[in-house]
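Presented below, as C-alpha cells, is a lone chain in the form predicted alone.
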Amino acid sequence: MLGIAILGSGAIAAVHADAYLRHKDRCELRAVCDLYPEKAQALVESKALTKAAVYKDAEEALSRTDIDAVSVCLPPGAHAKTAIQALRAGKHVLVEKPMATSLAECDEMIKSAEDAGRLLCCVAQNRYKTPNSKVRTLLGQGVAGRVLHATVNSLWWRGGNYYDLWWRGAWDTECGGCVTSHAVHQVDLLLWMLGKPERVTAVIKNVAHDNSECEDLGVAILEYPGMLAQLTASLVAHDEEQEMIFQAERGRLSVPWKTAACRALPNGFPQDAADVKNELQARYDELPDLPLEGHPAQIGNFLAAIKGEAPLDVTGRDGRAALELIMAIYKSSALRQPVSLPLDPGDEFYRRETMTARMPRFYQKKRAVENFADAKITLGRDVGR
C-alpha cells in the first residue's frame, strides 16, 4: 500500500484526493499539508481521510518514511522548490500544471528526479479523455491524411475578482495569465498530438482584468513543416467553448468530436464526401472508450508506474515541453517577432528573473486576498467531452 501526501489544500487538492480514493486498494492518503492548517483539516474532514495527518510544514510530512509519493497542488511559483524537496526526500512526485515558472526550474526538477531515482510526473489529465485519446489515435494512424491546419481554442471566462487571490495575476508567482494557467491544457494536447512546432508568432493583451499584470487574451500562430496551427487563449469567452480542430487532406477530425469531408467538383468547389465522412465516423466509433478518465486515470498510471507495472505516461519532460512552447509564445509577444524552437539555456526566456523582466505589466496588482471563502472550481465545459 503506497502512502500519499497532498501538499497544498486549495481547490485542485480535492480533485487529487477524490482521484486517489478511486484507487484505495493501492494507496492511502496519509498526510495533507498547507500553510493554513485549517484548510488542510477541512479537506481531511470533507473527504473523510481518517488516516491523514495535517501538517503546516511540508518538511514534516516529507520526513515520514511511510510516505512514498506526493501530489504538489501549490501555486505555480512553489512547484519547483517543493517538488525538488520531495524528490530529494526520496518521494515520487506528481506536480500540477504548469510544471514550474521557468525552463531552468523544470530542468532542475528533472535532474533531481534522475539523481534520486524517483518518478516526476506532470498533470495532464485531459490526455485521459476518450475523445482526445481517439482523435490522437486517428491522427497517428493517418486515416484522414496529412494535417494541413489545426485550430486550438482555449476559451474560458473569469470575473475580475478571480485575480484577487494573492498569487494570481503576477508574473513571478503565476508565470503568466491565460496562456500559462488555462491554455496549458490545450498546449499539452497539441504537442501530444502533433509534436513541437518550428516557429511561433504571438500577441498577448489584457482587455478585461485590471488586477492582473498578465494577459487575459492571446493568439499564437505555430509553424510546422507543411502546416499551420493557431492557438487562442481567452478569459473573456462567455460560452467557454474549448475545441481542437484538425483539418486534414481527407477530412476534419475534432474535439468535441465532429467530422466532415469534401471532395472537389470539376470547377474546384466542394461537395460533400459522405463516404469519407462515414468512414472517419466508423473508425472513431470502433475505438474503445477509456475505462477511466481525467485525474483518476492519470493517478492510476502514476501509481502503477511507481510499482513498476506500467511506464509513466506523462513525464517531467512532457511538462517541460508545454512550458517551453508557452515561453516561446511570451517571447514572441514581448519581442514582437517570430521565435524559433527550441529555447536554449542561454535564452533570456529560460530563467524566470530574465523572462519576467521582459514581460509587460498590463495593470498593477492592487488587491490581494489570502483565500477565497468559496474554493470551488470548474474544469471547463467542453474540454475532452
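Please read these numbers as outputs of a predicted model, since none were measured by experiment. Residue numbers run from 1 along the displayed sequence.
Beyond the structure shown, there is the form predicted in complex with a small molecule, which is absent from this document and is the topic of what follows.
The chain is drawn here without the small molecule; in the predicted complex, the stretch among 274-282, 300-308, 91-99, 205-213 whose residues come within 4.5 Å of it by any heavy atom is 91-99.
Scanning Ala150, Leu165, Leu189, Ala80 against the small molecule in the predicted complex with a 4.5 Å heavy atom cut-off leaves one residue, Leu165. In summary, among the residues Ser112, Ser234, Ser133, Gln125, the only one with a non-hydrogen atom within 4.5 Å of the small molecule in the predicted complex is Gln125. The small molecule is not drawn, but in the predicted complex it has a heavy atom within 4.5 Å of Ala11. The small molecule is not drawn, but in the predicted complex it has no heavy atom within 4.5 Å of Ala53. Contact check for Lys39: a non-hydrogen atom falls within 4.5 Å of the small molecule in the predicted complex. Using a 4.5 Å cutoff between non-hydrogen atoms, Gly251 does not count as a contact of the small molecule in the predicted complex. Annotated contacts: Asp34, Pro76 and His295 all touch the small molecule in the predicted complex [non-hydrogen atom within 4.5 angstroms].
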